[in-house]
Structure formats: structure tokens, C-alpha cells
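Just the one chain here, laid out as C-alpha cells, in the form predicted on its own.
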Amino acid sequence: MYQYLTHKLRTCLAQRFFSSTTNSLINSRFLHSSPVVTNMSSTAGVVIPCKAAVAWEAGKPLVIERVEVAPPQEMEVRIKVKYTSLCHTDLYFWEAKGQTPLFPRIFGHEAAGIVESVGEGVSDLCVGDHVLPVFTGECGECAHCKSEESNMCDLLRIDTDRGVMHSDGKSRFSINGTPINHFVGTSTFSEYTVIHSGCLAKINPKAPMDKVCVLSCGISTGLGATLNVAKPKKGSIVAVFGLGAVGLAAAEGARIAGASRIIGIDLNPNRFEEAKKFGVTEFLNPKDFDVPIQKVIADVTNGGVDRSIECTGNINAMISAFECVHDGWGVAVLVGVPNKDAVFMTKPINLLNERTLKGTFFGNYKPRTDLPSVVEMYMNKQLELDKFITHRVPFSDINKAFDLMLKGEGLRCIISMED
């Protein structure tokens, strides 16, 4: 183990000081800003006892427990989680409504942390690196990873039913010898967690982790749906269906792209004032009209919007999002996840009249390749993240974050692991 760690340290030092390509130079600048050897390195190779919020039953409050976190195995990394936030996906699987229950489990997948140690075969991450864990990954070897058009890695694609690691089918968490299930390969509601290296994006160490942690899931999904998939031109008219965190991130993308009008569609009129902060210029509530909302949108936009992004997962909203785009050039992007048995129905003429329907997964971002540049968008003040963060709680009050989301209050609640 000592020889292996010595080899890893030498490799990291070489990466830091002898990079030759442009990307390597950028990474070297990031790495040089953070220490190569930290006081965490002394824990490499040993089990770490720490606090974690464990869900023992569906819908029951999480319990702060003392868990043991095993060392990382081949192609794995153990990180110290600094900040995490609650995403609706955590809530959905915690409630276990319509899902196969898998308990006990450690939830959490939006976070930022620092590499504590690395397993065998990991060559692109070192102790002290700042990282964002991601629920999906990038192995770099499969057809999807090698394609410029896809981010749906064959090996590391999200698997909500998996409660163990890829390498050996075992959990890295335990309490008194009893294994505790992982969640989407991240489990960030723990002071330490083990993650496949392909699901970690190395970021600028100067980026505030209590802000950029929200880029691990929902915000990047909505932002990328607009910038990477819908791709509105400057001056475009964009419609966003659903003004939750993902929808507002889609609106933020439209704002960044220079849209002239951003129309927000939501059943909750209380969301419009908040949506203005994200560039939304108009608000339509389908309950206020006796005709389908797509007809209303077509009437107020002289034939339809240039781009639409659907962020609710409601099948009727999906149909409306597609049918409200302008013929000839309109593009609709589906982001929300519907019931697996839902059926999308529209008249074929809508497609023949040159409307385009697209779907997206994680905003078409490749986690390791693309997320560092999204962090730089924030650092360069192009992307505004602060307005997504509406609450903060210490780790000991993590259940308050669940209460806030259940009540529909706020967008993102940041949970500080050290408070």
C-alpha cells in the first residue's frame, strides 16, 4: 500500500508540473492552487468512521448515524463531502412512491467535496482535488463516451436500483458490520463517501463549494437543456414549462443565450415573481384559459415560440411544449421524466411541418469533460447561482431540508456537512 501511494503521489506531482497540452495546463493551474498532500492523506487505506444521514424506512425522517466508510477499490475515489443539497430525486426515492424500496440507504447526489484517497487505476484525480460528484458518469471508453453527441455512458449511466459499487458488487458503507445501500453511486449525505472516478468532475479549487455544489444535477440539467440542446439564437422567443429549479435553470440558459422573450408556464402563480430573477418575462397559467395552452402561446407569439423546454414530466405539458413551437424551425426539448407507461401522442403533421422534438439527459453534459467549464461560467459571472440557493441548514438539521421541499418552499437548500 505504501509503495502504491508513493507511486500515486509521484504521478500527481508529474501531472501538476509537467502538463503539456492546453487542457492539462488548465488542470495544472487548478491543481497547483490546492495542496498535494493534506492531513486527509493519513487516512488512506483505512476504514473511516464518520456521520451519515441514514434512511431506514420510506418516508421516515433520516437518522444521523455513525457509519464506517471502507477505502476505495479499483477505479474508485473516497471524498470528504463539504456541502450537499437536496434534489427532488432524493425526495422521490426516499418516499418510494412507485419505486422498488431499497433501505437502509444513504441518499444525496448534489454535492462538492475534496478527494481524500484514490483506488488502484485512478490516474486523473489526486488527494486534495476539488470535485463534484455526479449521478451519471463518463468512463471514457464506451461508444457513448467516445461520441460527441451523447453523454449516456454505458458503464456509469444512472441506476436507481443499484445499492452497491460496480467493481465488486459490495457497499462501502456499514454500521456494525451491516451494509448500508448507496444511492445513484454518490450517497453524499455522509461526511465521507466512495464514488467511481468516472462520476467525479475535477473543478477549479477557487470555486466556492457551497455554491457550485448545486451544479451536480438539476441546475446543470436545465441549463444544458437550453444551451446544449435547444440552442436558442439571440433574440429568440423561448417557452419554459415548469418553474421549479430545473425550469428556472432552463430560463437562466435562455437569458444567457440572449432570448428576447422567455415565457414561463406553470400552474402556480406564486412562482412568477421568483421567475423574473431568472429572465422570465411573461407568465401563463393553463388554468386561466378554456383552450389548450399551446394555442394561447401560438396566439401571443405570432405562430409559436422558437424553442420550448418542458421540465415537469407531465405528459400533457410535454405535448403542449411540442405543439407550441413554430412550424418550420421550432424545437421542443423534453427534460422532465414521465411515468414509464405514459404515451406521447400528437398529430404526425406537426412533425411534417418541420417542428423538431428532442429529449435530453443531464442537459447533454459529459460530467468529467463539461462540468468544469460550467463552474467557470459561474466564476466568470456569466452564470448566476446564488439566486437558486434559498435556504441553508447544518447537517444535523438535514430533515428540515426535506420539510422545506415537501412544502414547496424555496429552490435549493444547502446542507453544510461541518456545521
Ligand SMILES: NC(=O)c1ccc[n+]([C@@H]2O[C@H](COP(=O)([O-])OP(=O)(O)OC[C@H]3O[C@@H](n4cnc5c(N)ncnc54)[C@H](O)[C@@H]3O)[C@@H](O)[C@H]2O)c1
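Keep in mind that this is a model prediction, so the values were computed, not measured. Numbers for residues come from their place in the sequence shown, where the first is 1. Under this definition, the rigid core comprises the largest set of C-alpha atoms superposing within 1.5 Å between the forms.
Keep in mind that the form predicted in complex with the named molecule is not shown, yet the notes after this line are about it.
A.B. asks: Just to be sure I understand the contacts: of Q294, S117, T221, S197, which is the one whose heavy atoms reach within 4.5 angstroms of the named molecule in the predicted complex?
C.D. replies: Looking at the other structure, the residue within range turns out to be T221.
A.B. asks: May I ask you to choose, among L215, A201, A321, V335, the residue with a heavy atom within 4.5 Å of the named molecule in the predicted complex?
C.D. replies: Only one option qualifies, and that one is V335.
A.B. asks: Which one of these stretches, 321-329, 186-194, 83-91, 205-213, sits within 4.5 Å of the named molecule in the predicted complex when only heavy atoms are counted?
C.D. replies: Partner-contacting stretch among the options: 83-91.
A.B. asks: Does any part of L267 reach within 4.5 Å of the named molecule in the predicted complex? Heavy atoms only, please.
C.D. replies: Within the cut-off, so yes.
A.B. asks: Would you check, heavy atoms only and a 4.5 Å threshold, whether F278 touches the named molecule in the predicted complex?
C.D. replies: Output for F278 is no: heavy atoms all beyond 4.5 Å of the named molecule.
A.B. asks: In the predicted complex, does G242 come within 4.5 Å of the named molecule, counting heavy atoms only?
C.D. replies: Because a heavy atom of G242 falls inside 4.5 Å of the named molecule in the predicted complex, the answer is yes.
A.B. asks: Is the gap between T360 and the named molecule in the predicted complex 4.5 Å or less for some heavy atom pair?
C.D. replies: It does: once the named molecule is placed as it appears in the predicted complex, T360 has a heavy atom within 4.5 Å of it.
A.B. asks: With the named molecule taken in the predicted complex, which residues across 133-171 come within 4.5 angstroms through any non-hydrogen atom?
C.D. replies: Stretch hits: a single one, F135.
A.B. asks: Relative to the superposed rigid core, does V337 relocate between the shown form and the other one - that is, does its Cα move 2 Å or more?
C.D. replies: Yes, shifts by 2 Å or more.
A.B. asks: Note yes or no: does the Cα of P286 move by 2 Å or more between the shown form and the other one after the core is superposed?
C.D. replies: Yes, P286 moves 2 Å or more.
A.B. asks: Could you check whether the CA atom of Q73 moves 2 Å or more between the shown form and the other one, using the rigid core for the fit?
C.D. replies: No.
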